[in-house]
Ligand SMILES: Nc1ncnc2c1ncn2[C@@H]1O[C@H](COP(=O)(O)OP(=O)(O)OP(=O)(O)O)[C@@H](O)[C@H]1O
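Below, in structure tokens: the form predicted on its own, a single chain.
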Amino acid sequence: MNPFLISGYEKPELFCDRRTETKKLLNAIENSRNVTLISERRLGKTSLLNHVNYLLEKEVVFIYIDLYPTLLLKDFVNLLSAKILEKLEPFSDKVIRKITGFFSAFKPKFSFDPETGTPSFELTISSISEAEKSVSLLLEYIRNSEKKVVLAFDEFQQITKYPEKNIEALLRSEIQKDNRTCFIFSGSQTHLLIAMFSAYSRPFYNSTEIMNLTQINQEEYVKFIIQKFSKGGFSIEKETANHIYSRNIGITYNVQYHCHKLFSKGEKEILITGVDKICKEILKENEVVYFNYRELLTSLQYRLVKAIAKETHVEKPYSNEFTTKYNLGSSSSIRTAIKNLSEKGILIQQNGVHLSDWYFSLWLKTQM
């Protein structure tokens, strides 16, 4: 088995470090403190949550919900209801009667996933007020459970994009009623998530612990890389393992993917030249996607992306120095372009701006 996982979670032995973060999350869960987990994409927040779930005692129910696919409050309701039935109680006639009685006003419909056989139920919702009431009932149903529950909402900032208003206030009001369930709110659009939990005017202001997930410590990751390659019969020097980390600026997914490719290639001596060769292959693989960006973005957006890639990170993207250097035009136009690129997930706004896809950034550098 390739020990460098690029999706899913297997076991602690294949999970690198994050001891401090794991301990902090487990302590928050034990004491029912809510947490906001902020992380850029591909730094491994979902893997961390899976790791914590693996380590939890069996009587704790961990419900993970990815809100990214949801577009409406109704989607939120039906995703939450499906996860409750999947994770909270074993499916049985007794549970059907219990749910049917509890949610009788919404005429719950039961079904099974045709591929996995996982049971779920959907509530019949015909208005915004019914959707809001169903959220209250679902969270009340969890509160009434005799089990300790962890409810982890990934890409939580997605709720700000629903057409329905006051969703933040509705959820905050319901969560305040619960002193047993632990809520974890995570997301990769950091500027939106930070605003939700740090702005005085927002319902979730100052209501959770903030945990900012950054790159895994280089020394720890290098030890992990050497250990896994060595166990697989590969030879790799510390300098080469450091080069893998540095080439990918410590981004968890990229490091894992790079090592995964090297491992699967089967060349038993890992050299720096081989690492760089794999990097070129990865950029070539994604070239069709990167060329497509030129069609999807406006001329200004693409020139801005190229300029940011050349700088790697721009602390003051609206400054006269930056806009003049790359002939980008007015700061107001740049501001609009950055807003649009951030909404598309191409840029990350944190202490300035940088591209969310490091490989795209590297590829753009080759085009200059």
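All residue numbers refer to positions in the sequence shown, first residue = 1. It should be emphasised that the depicted structure is a prediction, and the values quoted were computed from it without experimental measurement.
Another form exists, predicted in complex with the named molecule; not displayed. Remarks below refer to it.
J.: For this chain shown on its own, do Asn31, Val35 and Glu168 all sit within 4.5 Å of the named molecule in the model of the complex, going by heavy atoms?
T.: Negative, none of the three is within 4.5 Å.
J.: Although the partner isn't part of this model, could you tell me whether Cys16 comes within 4.5 Å of the named molecule in the model of the complex, counting any heavy atom of the residue?
T.: Judged by the heavy-atom cut-off of 4.5 Å, Cys16 is in contact with the named molecule in the model of the complex.
J.: Does at least one non-hydrogen atom of Pro317 fall within 4.5 angstroms of the named molecule in the model of the complex?
T.: No.
J.: Does Ile216 reach the named molecule in the model of the complex if we count a contact as any heavy atom within 4.5 Å?
T.: Yes, contact at 4.5 Å.
J.: Looking at the partner-bound form in the model of the complex, is Glu155 within 4.5 Å of the named molecule by any heavy atom?
T.: Glu155 belongs to the contact set for the named molecule.
J.: Heavy atom within 4.5 Å of the named molecule in the model of the complex: which of Phe110, Tyr253, Phe91, Phe263?
T.: Only one option qualifies, and that one is Tyr253.
J.: Pick from Arg303, Arg41, Lys339, Lys310: which has a non-hydrogen atom within 4.5 Å of the named molecule in the model of the complex?
T.: Selected option: Arg41.
J.: With the named molecule left out here, work out from 295-303, 330-338, 23-31, 43-51 which stretch has heavy atoms within 4.5 Å of it in the model of the complex.
T.: Answer to the contact question: 43-51.
J.: Of 162-191, which residues get within 4.5 Å of the named molecule in the model of the complex if you count heavy atoms?
T.: Just Ser188.
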